[in-house]
Structure formats: structure tokens, C-alpha cells
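One chain follows as C-alpha cells, the form predicted alone.
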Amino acid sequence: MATVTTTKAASEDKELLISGSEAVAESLTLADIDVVTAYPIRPYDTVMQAIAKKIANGQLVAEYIVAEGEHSQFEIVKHASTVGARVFCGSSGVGWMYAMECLVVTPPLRVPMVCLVGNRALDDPGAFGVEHNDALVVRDLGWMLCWIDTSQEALDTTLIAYRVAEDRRIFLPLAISADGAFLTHSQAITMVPPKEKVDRFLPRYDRGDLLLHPDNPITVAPQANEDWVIEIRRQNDEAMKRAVGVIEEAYADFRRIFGRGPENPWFEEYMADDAEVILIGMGTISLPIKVAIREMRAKGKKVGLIRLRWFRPFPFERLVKALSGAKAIGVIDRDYSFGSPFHSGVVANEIRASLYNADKRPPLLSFICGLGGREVTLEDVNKAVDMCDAAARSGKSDAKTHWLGVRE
């Protein structure tokens, strides 16, 4: 089982009962953001409301701009960031889609915007329940993407997000994904650190010679065409590669200063060290899986979980190593990729690609479950493990993607 470091430094923290959205607002206050834009859409809107209260109560001094839609919302913070403001915004589902033009241009402009995606199913049909396809739409565009599963991780990851995105070696936008309702609205005990610690961990945002200012004439968003586009794409690729080291550096400093945090930034390993069957998923799907694993372990079944924290950059080398001892792998996606290889979800296809050149390639089974906010049940998890057990015995992968918990 992966370890999470906790030391005396954590004893200085304040204990609050707050939701995942409120935890993000606590981080934004500690990070002393300059500009936040808002447009209400469930389930992200709880973050917007929490920040508004902080500003109204005098706990945070920041420009709070209510936009007329998500497109303007993201455009405002994009431009604010270029003139040196630390910014925040976010959305959910179709709201995230409405901002797509802005989301596409933000990475090549090297704007270190931090956003929260309150993961929500895309319409139609209308739904407020969680799916991961909204955030995953930008996975190939230069956005860094991570998933959280507790209010504590929401608070800590938001601070880490600014540290990583605003690092001059990176300057890329970062989206933090929180499962709608299951995390955005659910309260849990959360440790909130003092401002002094945050100031030691998170330096002020400094664009240096990239600052857009009358005293520093620079060109922003030129029409490049065939002259420079491919070079700009390559620069983005290099920044994403450098992000790996910066992320690990940030988590190490976080553990040192705050006295807590995972030693492995990339994914959580739960009872996976000796597991013969390893399940993989993202976000709050880990809760029912962990309960099922404990029950199966009590019966002698060697089952474990890997919960991905980071999806971009994707930790393929570390995952291959962590999966090398498994006899079978089951990937449970809370997303879909219609028409993709094996008709699998996005995560399953990423892991298949990661294993392609590996010396050991355990059988991999793909599952889709919990779409639209439906509960992932113990029955679903047990069914997935039973199929993985069969694959482990036969040594062969099942090419079919299995939809769990679907009415016939």
C-alpha cells in the first residue's frame, strides 16, 4: 500500500468540515489569487459561491468578475494572466465545452491558468451526474490534467497546481477535476494550513520578460501559419515533458513544508504490492473499489487498486512498473470513447498503449461504469474482479469492453 507522509508540521493546521469545492476556495484564499471569473453551472458553481463569500467577508482581496457566459469567463482570466495576475476559473460539462475556443488557445499562449472542472455528463440527455469526458476533451491540447478524490486532496492539489503551472519551465494551464456531487458537494474533515507555510511553498507569479505591459512590447498570438506553427507545437511538447520533473519537485517540497502528502505524486496504490488483480480508475470511483477490495482481501483474494492522480502528463513508465507483477488488469472508466479500439474508455486505451512495449503485458480488461452519476456498486466491482480472475487463469485479454451496472 502506498504511504502518505504526515509529520509534526501538519499539527499547525486548522481542522474544518468542508466540501471539495470549499476546500478549493480555501486554497485560492491562501494562494492570494488576483482575478477570478464566475458563471454558474452545476456542480462547479459551489466553488464560485465559496470564493464570493471569502471576498465579501474580507478574507480575500481579488477581482471577482461575473461573465455573461463561459466563453467570456475563460477569455477574461486568460488575458489577466498575461499581464501578471494569478487567476482562477472553472466550469462543468457543456459549460466547459462552450469555452472550447479559449481552452484550445491557452496552452500555446503559455498561460498558466488553473481551473476546476466539476466533472459532469455532457448533454444530451441532460444530466448533472459525473462523467469524465468534459475534462478529457482537452487531453491532447497541452492542458495538464489531474483528478482528485477527497476534499483534502482538493485543497493540497490546488496549491500544487499553481506551483507547477506557474513554474517558468512550464507555463501551461492546469485543470483539476473533481467528481460532481460525490466530491464537489460532499463534506469531510480537511486540514487547512497557515498562510506562512503556503508563502514558503508558493512563490508569487512572475512572467518575467513574457509580461504583457506597455513598457515591455511583445507579440501575443501572432498569425504564424506554416512559418512557426510546428515549432510552437514542439515547444509545448517540451514543456509537457519538463512538467514531469517539476511535478515531482513540487510534491517533494509540499511534503517537506506541510508535513503530509503522497510520496508517489502520480497515482495512489492501494493494496497493490502483492495484488494478482489490479483495478485502475480515477476520482471518487476509488471509494467503492476500496471497500470491495477490503472484503475480497478478507476472503483471501489478492486484489489491489491504482487510482490515477495525473492524466496529463501520463505516468506511463511508472504505471508499467507498478503493473508488472499483476496477473490481470481491470480498467474501470467513468468516460467513453465511442469507436475507439476495443470500444473502450479513454483510460483503458491509454494503459494499453503504455503496455505496448513492456516486457510483461498482463491481460487487460476494459470496463465502463458509473456514467451520468450512477453509483458504482460493490456488485459492479466484484463482477469486474471475477472476469479479471478468469483472464488471469487463461492468460488472455477479453477484447470486449464490459458495461457494468447497465439495465438490460
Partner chain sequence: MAETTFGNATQVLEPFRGIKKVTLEEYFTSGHRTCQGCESALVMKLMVKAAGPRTIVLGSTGCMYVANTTYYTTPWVVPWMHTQLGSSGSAALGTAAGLKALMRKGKMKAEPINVIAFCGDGGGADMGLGAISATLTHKEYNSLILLYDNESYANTDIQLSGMTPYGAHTTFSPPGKVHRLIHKRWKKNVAGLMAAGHPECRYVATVCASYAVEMMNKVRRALTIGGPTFIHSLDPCPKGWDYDPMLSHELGELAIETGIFPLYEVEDGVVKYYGKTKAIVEGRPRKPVRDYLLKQGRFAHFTEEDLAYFQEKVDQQWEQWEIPGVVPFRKLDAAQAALNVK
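As the structure is a computational prediction, the values presented were derived from the model and not from experiment. Numbering follows the first chain given and starts at 1.
Keep in mind the form predicted together with the partner chain is missing from the figure; the text below concerns it.
**Student:** Looking at heavy atoms inside 4.5 Å, which stretch does the partner chain contact in the predicted bound form, given the options 42-50, 351-359, 64-72, 370-378?
**Tutor:** Selected stretch: 64-72.
**Student:** Would you kindly say which of Gly208, Gly126, Pro222, Gly300 lies with a heavy atom within 4.5 Å of the partner chain in the predicted bound form?
**Tutor:** Flagged contact: Pro222.
**Student:** Of the residues Pro194, Gly325, Pro203, Gly84, which one places a heavy atom within 4.5 Å of the partner chain in the predicted bound form?
**Tutor:** By the 4.5 Å heavy-atom cutoff, the listed residue in contact is Gly84.
**Student:** Is there any non-hydrogen atom of Ile33 lying within 4.5 Å of the partner chain in the predicted bound form?
**Tutor:** Heavy-atom contact with the partner chain at 4.5 Å: present for Ile33.
**Student:** If you check in the predicted bound form, is Ile218 within 4.5 Å of the partner chain, heavy atoms only?
**Tutor:** It does: once the partner chain is placed as it appears in the predicted bound form, Ile218 has a heavy atom within 4.5 Å of it.
**Student:** Give a yes or no for Leu109: in the predicted bound form, does one of its heavy atoms lie within 4.5 Å of a heavy atom belonging to the partner chain?
**Tutor:** Although the partner chain is absent here, Leu109 would touch it in the predicted bound form, with heavy atoms inside 4.5 Å.
**Student:** So in the predicted bound form, is the partner chain close enough to Arg255 to count as touching (4.5 Å, heavy atoms)?
**Tutor:** Arg255: no, not in contact with the partner chain in the predicted bound form.
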